[in-house]
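Below you'll find only one chain, the form predicted alone, shown as structure tokens.
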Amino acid sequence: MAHEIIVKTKILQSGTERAVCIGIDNGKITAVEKHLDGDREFDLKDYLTLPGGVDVHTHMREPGSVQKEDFYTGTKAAAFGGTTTILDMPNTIPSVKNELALRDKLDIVKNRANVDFGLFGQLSDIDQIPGMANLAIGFKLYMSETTGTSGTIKTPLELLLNSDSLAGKVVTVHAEDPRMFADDVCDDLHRHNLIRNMKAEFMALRRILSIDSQVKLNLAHLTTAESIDQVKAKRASFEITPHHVLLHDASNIGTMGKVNPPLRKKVISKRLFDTLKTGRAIIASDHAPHTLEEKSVEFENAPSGLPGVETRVPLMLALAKKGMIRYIHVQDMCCTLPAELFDMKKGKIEPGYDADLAFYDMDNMVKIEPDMLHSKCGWTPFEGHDAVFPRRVMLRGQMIIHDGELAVEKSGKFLQ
């Protein structure tokens, strides 16, 4: 049998690199064998191929703040970083707190995406959940204020999480308890860490994890090993960001490192890094760009958030290249586990899954520079860090990134 497309390449099987042929038909992987025949062939035997990355936590800023980013540029950046699926958070302007706002956002962005995408609804009012449930890929719960949201919850948490319309849905939680925040002047990264402290995260987790419900609870951007132990004990899923393991409150990046929850002390980030060695975390970017002008103010007045959708997988692959984490764990944490959480047929190179593939030359490790990236914001907190970017990227069998160019535009599909 001849397949529409075959790709000769190397993949990870049982943690080991293996030379295979990937058969692709109608945008799906239909065979993974030693030898296959196809009508069209890509000879990429020198590349390590991973499933397209799945980033379950992005803020693409459209609608409402397109001077920072828009759906086209943000999803273009994702593609160039080997990520073929993004899930976008609801704290746009207006916030996606009801069905009308969700449909309006979808109408604006649906023909602008360069990768596949899903949209979150915001949990606040239990009466608004049924209208969003069929369209939203998941729901976001803010337990404190952060960029673009007040954190105000109109319905008691126990009632909110037990809405019939939420059963089986992913609820991603920003877990900080504002009652624990210190009252101080936020004038640098160290002080920001002290104000929005680790106790605020720990107490918010204790509160949310104490509630029995039928949702699939997912805890966003955890910053400490103790937080992770708390979540694991409840068998909930959790995210770690690259910035919380690779940066810290003594990093010399000023407002570019201001983010919620804050960067912690170096010793805390090192302990968090140990979790990556287990391969059981979801790596999410929390891509939240602001303009350089917005960041170039006094620290206290600078907005929180930083870009990361394009550098998420490349940073992890550089760590694997150096032997600091395993390649198979990069695949699990950046591709497989996030796709499984949302029941997507993505994140694996197996028959029946979408032919979303990213092809990496592992001998081509580079230093990250802002001008090589594609986010509209034009900067990165990871300047000078090592990374391995994909040379080609395929979305549902179509090569969308080819030798440094966006070969096919706006081919992303809406997922729900």
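Fair warning: this is a prediction, and the values are worked out from it, not measured in the lab. Start at 1 and count along the sequence shown; that's the residue number.
Missing here is the form predicted together with N-carbamoyl-L-aspartate; even so, the following discussion is about that form.
Only one of 193, 260, 224, 73 lies close to N-carbamoyl-L-aspartate in the predicted complex, with a heavy atom inside 4.5 Å, and it is 260.
This chain appears without its partner; in the predicted complex, the one residue of 338, 138, 305, 242 with a heavy atom within 4.5 Å of N-carbamoyl-L-aspartate is 305. Among residues of the shown chain, residue 165 is not one whose heavy atoms approach N-carbamoyl-L-aspartate to within 4.5 Å in the predicted complex.
Residue contact with N-carbamoyl-L-aspartate in the predicted complex: residue 146 places a heavy atom within 4.5 Å of it. With a 4.5 Å cutoff on heavy atoms, residue 120 does not count as touching N-carbamoyl-L-aspartate in the predicted complex; it lies far away.
Under a 4.5 angstroms non-hydrogen atom cutoff, N-carbamoyl-L-aspartate in the predicted complex has residue 288 among its neighbouring residues. Screening 37-45, 23-31, 57-65, 372-380 for residues having heavy atoms within 4.5 Å of N-carbamoyl-L-aspartate in the predicted complex returns a single hit, 57-65.
No residue in the set 8, 49 and 359 has a non-hydrogen atom no more than 4.5 Å from N-carbamoyl-L-aspartate in the predicted complex. Residues are counted as partner-facing when one of their heavy atoms sits within 4.5 Å of N-carbamoyl-L-aspartate in the predicted complex; in 91-117 only 91 qualifies.
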